[in-house]
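First, one chain by itself in C-alpha cells, the form predicted on its own.
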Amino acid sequence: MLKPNKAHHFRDDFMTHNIRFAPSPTGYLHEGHLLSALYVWAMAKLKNYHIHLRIEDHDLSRARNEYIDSIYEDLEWFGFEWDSESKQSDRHEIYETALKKLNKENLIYGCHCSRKSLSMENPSSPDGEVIYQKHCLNKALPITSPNTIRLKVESTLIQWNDLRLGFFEENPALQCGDFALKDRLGQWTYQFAVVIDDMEENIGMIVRGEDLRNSTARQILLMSLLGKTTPPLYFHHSLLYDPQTGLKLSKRQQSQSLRAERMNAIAPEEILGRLCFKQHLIKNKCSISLNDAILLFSKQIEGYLQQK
C-alpha cells in the first residue's frame, strides 16, 4: 500500500502491445468519438499495438443494445478493424474478485450518503467534482446495495507524464476524496471497472480525451493498491466543441451522431476529411480515406512525442 504524504513517481517507459478504444453505449457515437478512435488507431499504427475494442456498459441503467449495435456498425462503416474485444457487463466476476481483494485489505467501506447530501456536505473541486469527506468511514455500514462502496483514499502524491500534456503531480485525496467503486444500485463505477479492465486486458497505452485527464491519478492509485505499480502510458488528446454552444461534443448535448450521417448517405471519407480539416491536418476540406487519416494523425502524434 502507498504511504501517505509521499511522492510516488511511476515509470513512464513501460509498454505492452495492447491499446484500447472504449466507447460507452449510452447513446450513438458522434464526431468526438471518431476523433478519439483516430488517435487510438494512429497510435497503434505508430507503435505497432494490438487494438482492443471494449464496450463500457457498466452503467446498465443507461446502456442500450441498439447503441452497442450502432457502435459496431459505425466502426465497420468507416473501415476500422480491431484484434480483440470485450464487454464490461460480461465481467462481473472479475470485478467482484478485485473488490474482495480490496475488502480483505480493509481498503473499502459502505456509504449511505444520498446524491443530495453529497453536494450539500462536501466541498467541490474547481471543475465541480465533489470531494468526499469520509462521512461514513467509521459507521461500519454493510458493503452491499443500497449502500455505495467507497475506496479509502490516503493523502498521496501521484506523479505521471502525459505524452502530449507533460508532467503532472496530483493528490486524489484532494481531487475527489474517497471515490465510489460501486454505486447504490449495485452498478460498477467507471473509475473502478476501467482500472480492472486495463489491468486484466494488459493495456500498456491509454489514449483518451483530455476531459478524462483528472481521472488518471486516482486510477494509478487504485492500480497500485491492486498490485500494479507500473501504470500504462497516457496520451490525452484535445476535444471537439460545438461552435454554437461552446460545449464539448457529447451524447448529453445530443451532438450530431455518426449514425445519422450514415443514414443520410454522407460518405465516411467526407466525414474523415472534415475532421482532419478541423484538426488542421489538411489545408482544405476534401474527402480522405481512413488509412490516410490515420497516417495524418500518426504524424501529429509523432510530433508530440518528439517534443517530450
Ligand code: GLU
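This structure is a prediction, so every number in the text was calculated from the model and none was measured. Position 1 is the first residue in the sequence shown; the rest follow in order.
As for the form predicted together with the ligand, it is not shown, yet the points below apply to it.
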Report the residue, out of 212, 141, 94, 174, that has at least one non-hydrogen atom within 4.5 angstroms of the ligand in the predicted bound form. 212
Residue stretch of 117-125, 145-153, 73-81, 189-197 approaching the ligand in the predicted bound form, non-hydrogen atom distance within 4.5 Å: 189-197
Residue-level question: is residue 218 within 4.5 Å of the ligand in the predicted bound form, judged on heavy atoms? no
Find out whether any non-hydrogen atom of residue 18 is located within 4.5 angstroms of the ligand in the predicted bound form, and reply yes or no. no
Could you confirm whether residue 24 comes within 4.5 Å of the ligand in the predicted bound form, counting heavy atoms only? yes
Distance check, residue 56 to the ligand in the predicted bound form, heavy atom within 4.5 Å: yes
